[in-house]
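Consider the single chain below, provided in structure tokens and representing the form predicted alone.
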């Protein structure tokens, strides 16, 4: 018995933005970007929301054909047949994102409502670009716990949707060439099912490393913590709070409404950046080592050799990172899925979208063994080893 992958899907906005288009915004060119990242173009949302992308990817994983504002493609396991699955059969939705449409309700709740998954428990998970493997690991653990006993001590989880969805164009500084060339928008989804089959997720590995120097951040404080919108009162002062609170909160609201970001720093008046900030060299060193460790650990935990893996599906952050990992692992680059040239870095959606590409291209077939790898902000890293 185990947690099997029975569907996979991806979705992307319609607008294709090439490196030449980026060159109109910052001092760069196509050759410079391709040599350093492997990226040739990316998809950028213009009106499509994170929910639009997430729902389209989920529908593709379920085999549901609908017209909508987002292009999508999907794969369904052969034993499921051609018929689409009813969203009401889903018990769990986990949405990994750092660019949700709302903080509350959760992005997963918005997907549940739009999809019609009326019986699903749902929540968001933030592990940045490692969200794909963190989400799969959490879903697999919940399914294993729910199905390990016949008693009613857990929510039943027979089917789960794990979705990575990002609209990173909202949080990219389009005047910073070190970051704006790297990111794109998109969504990927995996449908999991608890099964008596011996296939499925065989091992997982998760690891966190403290980002003490702030090498990869979004919305991070660069200075003192923001003060509350009204003075913290002593017990004595609380007696007059009712009379003063309306005026104090009104003044605070006016102050925040009139505040604007400082153009020189990109910080708001309280020291918070609305954009992704990255120390490229430090992140490269972390990521290159993290991929190697994640693959080796997942294989060791499953009792298989790295040489026995049919395909490694890494987070698509930089082609140079993937090539470095291939060399360190002693594997040909053909054993790695490369989708970054047409999608760029879509954070939590990245590896899920790449897996859909691998299945569509016939690089993975029934019975094959693969490792999905994530690495990124946090600093986070991890892997999931599975057999189709």
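All of these numbers come straight from a predicted model, not from anything done at the bench. Numbering follows the first chain given and starts at 1.
Separately, the form predicted in complex with a small molecule exists; it is not shown, and the next lines address it.
With the partner omitted from this view, the residue of 328, 36, 363, 40 that lies near the small molecule in the model of the complex is 36 [heavy atom within 4.5 Å]. Among the residues 283, 122, 117, 311, the one placing a heavy atom within 4.5 Å of the small molecule in the model of the complex is 283. Among residues of the shown chain, residue 28 is one whose heavy atoms approach the small molecule to within 4.5 Å in the model of the complex. Taking non-hydrogen atoms only, residue 136 never approaches the small molecule to within 4.5 angstroms in the model of the complex.
Interface residue remark: residue 295 is not counted as part of the site for the small molecule in the model of the complex, having no heavy atom within 4.5 Å. Taking the partner from the other structure, the small molecule in the model of the complex has a heavy atom within 4.5 Å of a heavy atom of residue 320. The stretch in contact with the small molecule in the model of the complex, judged by heavy atoms within 4.5 Å, is 320 to 328, chosen from 55 to 63, 320 to 328, 354 to 362, 40 to 48. At a distance of at most 4.5 angstroms from the small molecule in the model of the complex, none of the three residues 10, 73 and 108 contributes a non-hydrogen atom.
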